[in-house]
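The chain that follows stands alone, in the form predicted alone, written as structure tokens.
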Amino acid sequence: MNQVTPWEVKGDIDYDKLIKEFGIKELKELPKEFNDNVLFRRKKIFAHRDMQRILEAIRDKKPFAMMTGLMPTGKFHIGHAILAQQMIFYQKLGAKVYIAVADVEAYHARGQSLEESKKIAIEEYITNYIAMGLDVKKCELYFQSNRSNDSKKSNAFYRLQNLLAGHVTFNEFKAVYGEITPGKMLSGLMQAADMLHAQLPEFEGTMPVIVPVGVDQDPHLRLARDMTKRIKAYKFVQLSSTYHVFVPGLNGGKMSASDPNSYIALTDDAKTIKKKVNKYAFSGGKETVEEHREKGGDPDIDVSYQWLTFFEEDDDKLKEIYDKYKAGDLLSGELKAILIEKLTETIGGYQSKRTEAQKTAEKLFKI
């Protein structure tokens, strides 16, 4: 059974079907700076809502914001890195970046304490964001449980959350969240406030806001966009959003923070990377070397090749790997070795900056 919801993704994902089902639009013509980015060029970011507003702001050098959130409940892995790359990309294009640590949502959905959420958010997520190149001086990084020490800002954020409650029905919540609880409703309203509050006069003022998400998170966007249309107390520009594909788990299913054998974490050392890829990466190769040489492998289902499409930026090199594997000239073990080398180099580069990045993260939140 195929299922795509904000909490569960099952079966093979038909992205063309989801475009029609969710009423989102395929991303087509984009400016050069977007096509220079591997995620856009290779259609890893494949659909949008109202992206034109953002493209116009970039073209006209007008202010815009990028908003995202993190759920601080596990290790930061390469699936999370895809979103972090988008934060850095938009920041370099001039966006003011807003990042919400969803510690209230983690409390309601996972029973995790605010203290534990803070520890994981700083040590895993924020440290890695900084190591990957995020400039925290051009960011609004905050915890849902404590929006700001500036009372005007904090009051404005929670006032918006409370007023949004008057512009959504119980049945709409139920349609998005299934079994509804007061905690889930509170989290949903706070999430909408997270996405919209950059436009309040106490923050940036009215401007376009882009929210990049995995396609499973679109119900949250639809709910927030519906509330935006109805609320008259504020003048908001409707939210824009983009949708990226899932990075497959090592075993070929969905990457899950609860299954350490499905991902590579940004804190995994070279030995662990090599062991995980060799042992767990789903292969598109044939059962014997002879059969593989004769019939070739299937790069379209091979996880090592699929991961390379996210991390190997050289299009010619990637095509050569694809062709050789399909022809049987490249064995599964050799393809895994190429991925191991690429991941070790990429992740090692981030890890070399983690010590300084962690100091910056701790200083940011006065630890």
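Sequential numbering from 1, following the sequence displayed. Keep in mind that what you see is a predicted model, and the values were worked out from it rather than measured.
Keep in mind that the form predicted in complex with ligand TRP is missing from the display, and what follows is about it.
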{"property": "Region of this chain that lies against ligand TRP in the predicted complex, out of 288-296, 163-171, 68-76, 230-238 [heavy atom, 4.5 Å]", "result": "68-76"}
{"property": "In the predicted complex, the residue from 217, 91, 283, 112 that sits within 4.5 Å of ligand TRP by heavy atoms", "result": "217"}
{"property": "Heavy atom within 4.5 Å of ligand TRP in the predicted complex - residue from 130, 189, 211, 247", "result": "211"}
{"property": "All of 45, 82 and 242 with a heavy atom within 4.5 Å of ligand TRP in the predicted complex", "result": "no"}
{"property": "Contact test in the predicted complex: residue 195 vs ligand TRP, heavy atoms, 4.5 Å", "result": "yes"}
{"property": "Any non-hydrogen atom of residue 124 within 4.5 angstroms of ligand TRP in the predicted complex", "result": "no"}
{"property": "Contact of residue 224 with ligand TRP in the predicted complex (heavy atom, 4.5 Å)", "result": "no"}
{"property": "Touches ligand TRP in the predicted complex: residue 102 (any heavy atom, 4.5 Å)", "result": "yes"}
{"property": "Within 4.5 Å of ligand TRP in the predicted complex: residues from 286-320 (heavy atom criterion)", "result": "none"}
